[in-house]
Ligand code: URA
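Shown here is one chain on its own, the form predicted on its own, set out as structure tokens.
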């Protein structure tokens, strides 16, 4: 009966499920089918020479390559591609995880509550969006704001690597565990990674970029007691820039 579905729909809503990806339900208890071409392509994406990002020489070429990319299924459920915001000539580049609902709607990174908190944090060290450049590991919002999968990260990682190479910042700030573990190629958690300097190279021949990992603003909204640690990390960035 329809009345029996109401508690289930309420539970979906509480869990953050707000997008129906498929028109028909699937029985997940059946035997798994072979991977679709999209997933297989996603798993092969880390080979940069075979990825569309490898051919990009400018930010506009990178934007167009991402807009025409078919190797990540998140593109089919997102409203907008979230490319970047800020000053492409800035000395500081920040990389987050993936867009949320506000970012998906407006097509810009960090414009919701976490973005407002990020702006306030940057202001404490005299930085704003005219002096930083902001992007994400994933340019399309995962349905329900769920964490991106390993395959989705693999499909999009060459794009953010090329993005960093083209911006060539003096300092790179990685916001949250997904960004830090992806670009620093480590399994360590953000608690161990934050607060210390790391080195990142977009390509083997690139110069090293001083890299600081810190907590994601969305995490600070849930755990405001951790804000002091982010402030310390940003003070270290300020000292490095000076």
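Note that the structure is a prediction, hence the values are computed from the model and not measured. Residue numbers count along the first chain shown, from 1.
Not on display, but discussed next: the form predicted together with the named molecule.
- Proximity to the named molecule in the predicted complex, defined as a heavy atom within 4.5 Å, holds among 167, 92, 98, 74 only for 98.
- Residue contact with the named molecule in the predicted complex: residue 161 places no heavy atom within 4.5 Å of it.
- In the predicted complex, residue 103 approaches the named molecule with a heavy atom inside 4.5 Å.
- Within this chain, residue 216 lines the site of the named molecule in the predicted complex, having a heavy atom no more than 4.5 Å away.
- Remark: of stretches 148 to 156, 104 to 112, 120 to 128, 83 to 91, the one touching the named molecule in the predicted complex is 104 to 112 (heavy atom within 4.5 Å).
- Interface residues of 179 to 213, taken as those with a heavy atom within 4.5 Å of the named molecule in the predicted complex (partner not displayed), are absent.
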